[in-house]
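In the block that follows, a single chain appears as structure tokens, in the form predicted on its own.
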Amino acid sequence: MIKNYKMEPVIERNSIPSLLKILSSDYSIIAPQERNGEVVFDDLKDPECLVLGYKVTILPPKKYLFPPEEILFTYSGKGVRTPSITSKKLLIFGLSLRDLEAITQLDEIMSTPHPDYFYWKRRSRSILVGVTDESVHAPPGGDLILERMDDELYRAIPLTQAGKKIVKGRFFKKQDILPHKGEGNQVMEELRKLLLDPETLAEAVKWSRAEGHPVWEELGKRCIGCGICTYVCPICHCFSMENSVSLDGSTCTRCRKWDACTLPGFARIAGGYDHHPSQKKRYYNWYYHKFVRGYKEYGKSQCVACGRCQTYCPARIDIEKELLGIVKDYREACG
């Protein structure tokens, strides 16, 4: 019997810290590590502290491409000055497939209708390396993906020239390997299935509002308007601008900060009118943006079912359960 072997580039698990030490001479490396019982993305000082195959982190890695707070420019009598980049290129290592997918979506969002200069000045200097226990059938993006084959071996899947350059290093070798099924990621698996049909999901969310579905009254009362679901989301990209003037009046600084459509005042305009005066309307708007407007503009929901919003919501709102219920009611009502 002929076995379905295939020659693939591979790297041994215990060689990954050594690989990162070599790469650190050219890149500032960001990777998942454990801090106070949680896995977080942070500067990697010691490659031995690397955590591979995380399920979820508190904040998504988007913060290194789209910072929570960022000075855009400073104006003074000498003119306008924008911050310059003098640091090394950035390598974000160990990304899950879902976080890779989220950054791929952010790339598209930040490219239309016009490229976001401040996002792309970081993104163009960054390399993305995913590490996963799941089988990789359709890579969601990034430069290189390491797919775990067993406890000691990872298959390398280079997707760009930058990824191919890394794989040419001495820690990689070609080896016959058999395809494997992978362990999979069970976080919000039912929502992942819903996301495969973003058109139905968009129609169901729109229908629920038009028909006065009681879910929005209930969720509007439960949501405390803290904005955490937006801050921890790897795709949410709402922001506000804040201008500040120095005490002597010599300089003015404009700063971009993360904002959230669930926060009071987010939709308030000049004259004091608020398009979303109630928490019910603000919370629905968050769903609308992700599952209706996202589909209309990009053909997909702005969600990768990473589980962060559900995990860190103080009100314990289960977005997967709520969406499953909305879609179920929509299908029953529409036959």
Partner chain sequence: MKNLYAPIRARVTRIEELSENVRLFRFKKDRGRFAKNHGGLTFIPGQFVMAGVWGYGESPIGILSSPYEDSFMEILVRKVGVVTNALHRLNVGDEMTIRGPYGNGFPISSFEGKDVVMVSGGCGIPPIAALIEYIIQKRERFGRVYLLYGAATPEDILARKRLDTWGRHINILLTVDHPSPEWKGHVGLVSEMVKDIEINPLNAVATMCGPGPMMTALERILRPLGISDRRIYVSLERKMQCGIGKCQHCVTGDSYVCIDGPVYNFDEIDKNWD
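Residue numbers count along the first chain shown, from 1. Keep in mind that what you see is a predicted model, and the values were worked out from it rather than measured.
The next section is about a form of this same protein that is not shown, the form predicted in complex with its partner chain.
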{"item": "Contact test, all of H114, V245 and Y284, partner its partner chain in the model of the complex, heavy atom 4.5 Å", "value": "yes"}
{"item": "The single option of Y64, Y288, Y54, Y27 touching its partner chain in the model of the complex, heavy atom within 4.5 Å", "value": "Y288"}
{"item": "Listed residue (K89, K164, K174, K206) with a non-hydrogen atom within 4.5 angstroms of its partner chain in the model of the complex", "value": "K206"}
{"item": "Its partner chain contact at T82 in the model of the complex, heavy atom, 4.5 Å", "value": "yes"}
{"item": "Touches its partner chain in the model of the complex: G220 (any heavy atom, 4.5 Å)", "value": "no"}
{"item": "Residue contact check: S250 to its partner chain in the model of the complex, 4.5 Å heavy atom", "value": "no"}
{"item": "Its partner chain contact in the model of the complex: L153, any heavy atom under 4.5 Å", "value": "no"}
{"item": "Stretch in contact, per heavy atom within 4.5 angstroms of its partner chain in the model of the complex, of 293 to 301, 55 to 63, 306 to 314, 38 to 46", "value": "293 to 301"}
{"item": "Residues from 253 to 277 in contact with its partner chain (non-hydrogen atom within 4.5 Å) in the model of the complex", "value": "R254, R256, D259, G265, F266, A267, R268, I269, A270, G271, H275, H276"}
